[in-house]
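There is one chain below, alone, in structure tokens, taken in the form predicted alone.
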């Protein structure tokens, strides 16, 4: 998996890849920007579903492949979904995908356009043919993130209900489904923090990469938003969720793990955004590689060790 050792002068728990950004905005002939995308191990390397906004500024999803997780070949043609009921199968837009392997296939979730933003769902085995399922929830909803295994015998998903547009609020909720079609058992997970406790996440929050199962609970990397005098600022931190009842928060970092500080994070189509959507991890070494979108324009990598992030989450917890 991608990796770069921690620089000697790095003070944080995670650190940026020295060659960031790894995916430029114009990698495709028609791309205005490539960011907020999903990556998983696949075959001898990696595959992913990438948010590629085109030069019409339409939000599209494209498949991509890589041998090393750093250098990517992204398909010029966007993903065409098959098998959906005609009522929900008409493409409007799609963005901020996540991908996870469960049982015998890869499931993709994304923010899907259906009378407003909701959670679209599909599956694939080869990243060539994508079978669309029912939308998980009613509009308005974003940040649909599946757990990597069933919980209580059901598929489990985190999401962030909202209303239309980029509104200044949003809590994370948990839901279950027996079949990826009907969703219920909705449970509240966590709200934005109080400003005086943790200002970087006081406006709204949303789940990021697929949760990672650890001995301390489910490790969740999530984004948080501060409404500053210069607009929204997106940073990301970490939480630990109960292994059996993941709607119960065991710990939650007060300080952020990473915030917009580099030029490529602060300058772009949407300034001051670091938005995590995917992570690769190696259980043997505890290494973690986080893919994150920068300023809604390009894609970058950050690294860390799971044990150190878990310890950081517990040590700085505001729960």
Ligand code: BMA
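Positions refer to the first chain, counted from 1. Small disclaimer: the values here were computed from a predicted structure and weren't measured.
The discussion below concerns the form predicted together with beta-D-mannopyranose, not included here.
Q: Among 25-33, 65-73, 39-47, 268-276, mark the stretch whose residues have heavy atoms within 4.5 Å of beta-D-mannopyranose in the predicted complex.
A: Result for this chain: 268-276.
Q: So which of 155, 107, 95, 183 reaches within 4.5 angstroms of beta-D-mannopyranose in the predicted complex, heavy atom to heavy atom?
A: Answer to the contact question: 95.
Q: Heavy atoms within 4.5 Å of beta-D-mannopyranose in the predicted complex: does residue 51 have any?
A: Residue 51: contacts beta-D-mannopyranose in the predicted complex.
Q: Is residue 234 a contact residue for beta-D-mannopyranose in the predicted complex, using a 4.5 Å heavy atom cut-off?
A: Within the cut-off, so yes.
Q: Can you name the residues of 175-206 that have a heavy atom within 4.5 Å of beta-D-mannopyranose in the predicted complex?
A: The one in contact is 204.
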